[in-house]
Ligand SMILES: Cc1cc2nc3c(=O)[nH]c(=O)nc-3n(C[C@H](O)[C@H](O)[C@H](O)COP(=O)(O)OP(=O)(O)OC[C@H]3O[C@@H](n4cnc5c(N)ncnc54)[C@H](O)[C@@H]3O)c2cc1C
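Below, in C-alpha cells: the form predicted alone, a single chain.
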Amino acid sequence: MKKVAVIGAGISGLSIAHCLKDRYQVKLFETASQPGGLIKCERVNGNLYHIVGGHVFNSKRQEVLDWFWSFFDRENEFVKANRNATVFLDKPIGYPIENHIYEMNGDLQEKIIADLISIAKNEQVTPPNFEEFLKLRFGNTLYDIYFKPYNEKIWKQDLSEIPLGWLEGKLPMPSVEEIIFNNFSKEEETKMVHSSFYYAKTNGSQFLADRLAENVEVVYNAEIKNINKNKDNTKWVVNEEDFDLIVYTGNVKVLPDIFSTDSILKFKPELENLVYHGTTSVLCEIEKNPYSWIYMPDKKHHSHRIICTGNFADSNNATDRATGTIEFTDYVDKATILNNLRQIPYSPRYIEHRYTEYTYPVQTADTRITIQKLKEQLEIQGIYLLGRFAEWEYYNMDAAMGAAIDLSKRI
C-alpha cells in the first residue's frame, strides 16, 4: 500500500482518513492532544462547551448520510430535533424572518409588503454582491432591521464587498411568491440543511470526533513545522517518515512555510492576503427557552447569536438550568463580554470564554481562482488540500464530509 499523511485530525482529516484507509496506509498528524479541530468540545463545571459554534449533523446528500451512519447508531446514540430558531427584535420573531412577517407590528408589515411588491417587478435582476442580494431578495425594510445589522456584526465589513459564492446551501432562497405563501400558510422552513438535525446524546460533536478517531492512526501533539522531500526526491518526509501522498487540512496561509518549494512560495503574497474572522465564544447559563439558535441584530451589544446547546441534549447541562454559547466575532476581552451580557436577552450568566483566531474564512472575488490554481500546482506533487481553511471554503460539518468523499474518489 502507498502511504498517505493527513495533516490535521479535525472533521475533514478524520473523514478523509476513513475514506482512504482501505486503499492506503494512512496516518494523521494532529497538533492538539485530542481530535476534532473546530468541532471540539470540553466540559466546564460539568457543562458541555462547544468551543466554536454548536455543531449538529444532517445532510441533503444521501451519500454523506450513508457514510456518516455507517459509524453510528442513530436510534441509541443520537437525538433528532427540529430546528427552532428565532430572531430577537425586542421579542422573538420566527426564523427565517421573511416567513414570519405576520408576527410583526402593522407598520412594519405594510413596509415589508410594499418592498415585496417592488421586488416582484425586478426579481430577474442579478445582484453583484451580498448587500444587493439581501436587498433584492428581501427588501429594504427587512434589510435595515435584520439582515444589515446582523451580518455587519458577523462580517465586520461593508456587505457590498462580500461576494456571493459562500451563500450556496447556507441560506434559504425564497421567491416573493414563496415568502407570501409562507406567511399566509404559516409555513415553517424545511429546505435548509439543518431544518432538522441529529445530535449526540453525550458529548455533542466531540463524540463524533472521538468515534471517527477510532480505527485510524493518529499522532497527537505533533507540530509539523516543515515537510520536505526525501534524499531521492521521490517521497515526502513527515516526522522522519516517508509518505507517497499528503492531504493537508490545516491553514493554507501557512502552507508556504511548511512546503518551501518554489511552486508554493509564489502563492505566498496571495495567501497572506486571505481574509478571515475569529470567534470569541462565551459559555453561559441562560433562562430556559424553547430555541436552538437565537439571532440578535440589536446594535446595543456586539454579540450576533446565542446557540442554545443546552437544549440539544439534557447531558449538556450540569444543573436544571439551561446553557448556551454566545458568539462574538473576533477577539473580545472579558470586561467587554461581561458588559455585553447585561444587554443580551435571556439573562446570560458567564461561565467561561475562549477566543479562536481562525473560524470563518472570507472570500473575495479572486479567492476561489487562487485556491484552484494552488491546488493544481500541489496535486502534481502529490499534495491535496481539504477542509474549511485549507480550501478557504465556509464548510459546515456535513459539507466537509462530502468534500472528503469527493476527494477520496479523485485520489
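Throughout, we count residues from 1 along the sequence that is shown. The structure displayed is predicted, hence computed values, not measured ones.
There is another form of the same protein, the form predicted in complex with the named molecule; it is not shown, and what comes next is about it.
Segments offered: 139 to 147, 215 to 223, 99 to 107, 333 to 341. Contacting the named molecule in the predicted complex at heavy atom distances within 4.5 Å is 215 to 223. At the 4.5 Å threshold, heavy atoms of Arg305 reach the named molecule in the predicted complex. When the named molecule is considered in the predicted complex, Ile11 lines it closely, a heavy atom lying within 4.5 Å.
Using a 4.5 Å cutoff between non-hydrogen atoms, Tyr24 does not count as a contact of the named molecule in the predicted complex. Interface membership of Leu407, defined by any non-hydrogen atom within 4.5 Å of the named molecule in the predicted complex, is ruled out.
The contact with the named molecule in the predicted complex, taken as any heavy atom within 4.5 Å, belongs to Tyr360 out of Trp67, Tyr346, Tyr49, Tyr360. Contacts between 35 to 71 and the named molecule, taken as any heavy atom within 4.5 Å in the predicted complex, involve Gly36, Gly37, Leu38, Ile39, Val52, Gly53, Gly54, His55, Val56.
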